[in-house]
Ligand code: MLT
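The chain that follows stands alone, in the form predicted on its own, written as structure tokens.
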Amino acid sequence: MPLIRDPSYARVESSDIDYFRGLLGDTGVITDSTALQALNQDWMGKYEGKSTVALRPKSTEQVSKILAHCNARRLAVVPQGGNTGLVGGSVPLFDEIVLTTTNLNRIISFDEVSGTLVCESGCILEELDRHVGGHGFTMPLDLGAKGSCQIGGNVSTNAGGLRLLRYGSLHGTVLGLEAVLADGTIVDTLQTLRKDNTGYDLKQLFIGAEGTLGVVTAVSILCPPRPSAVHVSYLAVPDFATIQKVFVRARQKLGEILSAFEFLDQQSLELTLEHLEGVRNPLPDTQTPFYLVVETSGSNEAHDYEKMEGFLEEVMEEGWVLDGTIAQDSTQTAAIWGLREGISVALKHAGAVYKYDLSMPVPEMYSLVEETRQRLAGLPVEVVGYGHLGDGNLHLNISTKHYDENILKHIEPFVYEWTAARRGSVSAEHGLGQMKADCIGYTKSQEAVKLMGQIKRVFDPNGILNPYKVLPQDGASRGDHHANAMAA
């Protein structure tokens, strides 16, 4: 059932626009319909809102005054960073005000001893990595969208990315943050301490909350030393069972320098080669159902390369890897990663795409792809599977020319039910947004969802922050019966 605009929210009036212009100046208030179009629509072109005003604050204090005004008037607000999300979490559904953090883009400090970066939430991830790279460090997060995504959005969605296997999630690397609550209260937990066990760890509530509890305005994040030796191999593997053997061997032989272990299927490769210019197959003479991207990051070039060579020799002698190559320079390394990171962009170029971001026990990951193909046989779709095997994160994508309700009804709720039956997560790293707000019960119990609702009401009693997202609006989730069945 389609959502209906909550009539308890006020509509923007001319007096509101006057207030915002007085606070932000004319350049900080966007009302032009052409300029608003990009802010109203998500990256995939799947979700589109009808906001008539967007605000561009330059300071935490301005964010505070904006939210205090909106809360008093009960004007709904959608916080927006780089707008690279894939579940419709950063765009309005109706006429909510868009609050973009683009102008909150200052790097506040960097400690070269501890590796702690403090910056505002609108800083671009790639630019932050370049900045800390100049000091011999690296950002603990790497995404295909790094050139446009913002660190505040990364934190608000608890983005995972390509190297979670090595550096862990943002729940561990974010040391502190600053956020503004719905009533304008500024919550400053922007510590840079590795150890702080004083009271409740409030920052964790904002990490992954998708802007529903507060607007993140600044973060402190722990950056590891930049690896001086990076080696990437691209391997051809005959089946998914063998992939798991290769993964076990990689952890045994590569140990602490293993930083990424990605897989893609033949369909992903073919689609990317077809729709992206400049991408090439690193193993053009080998065709197999699966390919792997294995990366090591360390500090000893000769030692690390020897370990990668030894690993590759072993898995090929076992017959697990049919063919493989190790990148010999940065250009080849970039080409291999360009292929893996380009899958999502290629899917967009191919047409409409139904994207599912799931985590589950590794042995079961590809079975969902196979069963989805069987279920959609005869329909005009291409089913592809790829993802972060090192942390059990599958990206299931159904590519078609146009969004079609007949296709969708064959996919949902099947995908969510299949995942719930294996006690998996319906959102591994993309968040819930508006796409999966009513699907939270497939992964979380009724009691957990109820507690989340109570927390939301404490932080945002008028419900103005990113409404219609993350939590089901009617208090009941489509997955509730699955949670009950698992608890029984």
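This is a predicted model, so every value here is computed, not measured. The first residue of the shown sequence is 1; numbering continues from there.
Another form exists, predicted together with the ligand; not displayed. Remarks below refer to it.
Proximity of Tyr386 to the ligand in the predicted complex: non-hydrogen atoms within 4.5 Å are present.
Using a 4.5 angstroms limit between non-hydrogen atoms, His430 touches the ligand in the predicted complex. Although the partner is absent from this view, Leu235 stays clear of the ligand in the predicted complex, with no non-hydrogen atom inside 4.5 angstroms. Under a 4.5 angstroms non-hydrogen atom cutoff, the ligand in the predicted complex has Lys355 among its neighbouring residues. Interface residue among Leu177, Leu86, Val381, Ala76, judged by heavy atoms within 4.5 Å of the ligand in the predicted complex: Leu86. The listed set Thr333, Ser344, Thr400, Ser359 contains one residue whose heavy atoms approach the ligand in the predicted complex to within 4.5 Å, identified as Ser344. Here the chain stands by itself, but in the predicted complex one stretch of 323-331, 387-395, 189-197, 127-135, 387-395, has heavy atoms within 4.5 Å of the ligand.
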